[in-house]
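In the form predicted alone, a lone chain appears below as structure tokens.
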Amino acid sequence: MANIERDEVSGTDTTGHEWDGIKELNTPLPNWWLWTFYATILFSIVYWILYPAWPTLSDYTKGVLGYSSRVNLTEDLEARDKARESWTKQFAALPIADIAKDRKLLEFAMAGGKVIFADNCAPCHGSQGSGAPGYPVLADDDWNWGGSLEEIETTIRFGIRSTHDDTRVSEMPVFSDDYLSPTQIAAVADHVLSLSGSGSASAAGAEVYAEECAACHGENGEGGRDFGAPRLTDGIWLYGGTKEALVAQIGNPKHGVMPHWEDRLSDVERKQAAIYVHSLGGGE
């Protein structure tokens, strides 16, 4: 049995534990602490009864009050949409070009478009449309499919090589599979670089370009928007502008994918996003 005794100084019994002559007192918890502890237990019981609390095999306890934060969120979103209704009706009814001409509608589009862009587009295209390796810059004037408001809206809606039936598709063929020799690929890479003033032209490269590339990229590298062929004369490169990068792209091209946003953004939201992208500096 533990050697329990009463401490002469405090008048409190000891627990019987002693270390190096130091005895442990059996000091009771303060009443305020005990009552607080009991109150938290009572509060938890009441909470379990009133609010959703316990998971079950296929559902959860709903609580007497039937409270749901999801319902509250839905109500808040409905209230938000109601407050914006006067604006969204105009957006839905007007062509995007007319929206951009109206100062008040343009302000509404820019405010909403900035948020939509930050939530959905910035992870790939950068916070200011600055782009990244493999992701187009949106702040310059280089547009494969066109940079007008209508064309940007179409691209956002249907995407590029996405799963949408009406997606925009451009696919550069693989030229390394016994189609062009390494020498021919190197020569045409030099020619393509020369179109932007950063390489030396060659007769062999020009011949290959005329036969294999001009149909899509244009005789002088001006690009072809009807099928999304990039312009080659401006020195803007999606996958790098070195000869090595061009040789790799010609031989075994990369094809990026932009998802379609028809099912993820409403018609109004797509118009807002298009107007914001157009404003970044490269819109036509």
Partner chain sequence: MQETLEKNLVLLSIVTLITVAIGGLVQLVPLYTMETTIEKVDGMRPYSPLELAGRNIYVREGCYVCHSQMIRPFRDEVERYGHYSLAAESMYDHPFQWSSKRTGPDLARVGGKYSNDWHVAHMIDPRAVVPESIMPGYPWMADRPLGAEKIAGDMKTLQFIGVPYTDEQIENAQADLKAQANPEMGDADAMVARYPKAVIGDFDGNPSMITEMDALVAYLQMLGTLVDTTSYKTSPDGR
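Positions refer to the first chain, counted from 1. Throughout, rigid core stands for the largest set of C-alpha atoms superposing within 1.5 Å between the two forms. Quick caveat: nothing in here was measured; it's all calculated off a predicted structure.
Not pictured, yet referred to below: the form predicted together with its partner chain.
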*Counting non-hydrogen atoms within 4.5 angstroms of its partner chain in the model of the complex, say which of 227, 37, 60, 43 makes the cut.*
60
*Identify whether its partner chain in the model of the complex is within 4.5 Å of every residue in the set 70, 73 and 123, based on non-hydrogen atoms.*
yes
*Thinking of its partner chain in the model of the complex, which stretch from 212-220, 47-55, 23-31, 241-249 has heavy atoms inside 4.5 Å of it?*
47-55
*Can any non-hydrogen atom of residue 64 be found within 4.5 angstroms of its partner chain in the model of the complex?*
no
_Does any part of residue 119 reach within 4.5 Å of its partner chain in the model of the complex? Heavy atoms only, please._
yes
*Is there a non-hydrogen atom of residue 135 within 4.5 angstroms of a non-hydrogen atom of its partner chain in the model of the complex?*
yes
*With heavy atoms only and a cut-off of 4.5 Å, decide whether residue 84 touches its partner chain in the model of the complex.*
yes
*asked:* Going through 248-267, which residues have a heavy atom within 4.5 Å of its partner chain in the model of the complex? Please give them in sequence order.
replied: 255, 257, 259, 261, 264
_Taking the rigid core as the reference frame, tell me whether residue 15 has a CA displacement of 2 angstroms or more between this form and the one not shown._
yes
_Core-superposed C-alpha of residue 220 shifting 2 Å or more between this form and the one not shown_ = no
*Taking the rigid core as the superposition reference, indicate whether the CA of residue 61 shifts 2 angstroms or more between this form and the one not shown.*
yes
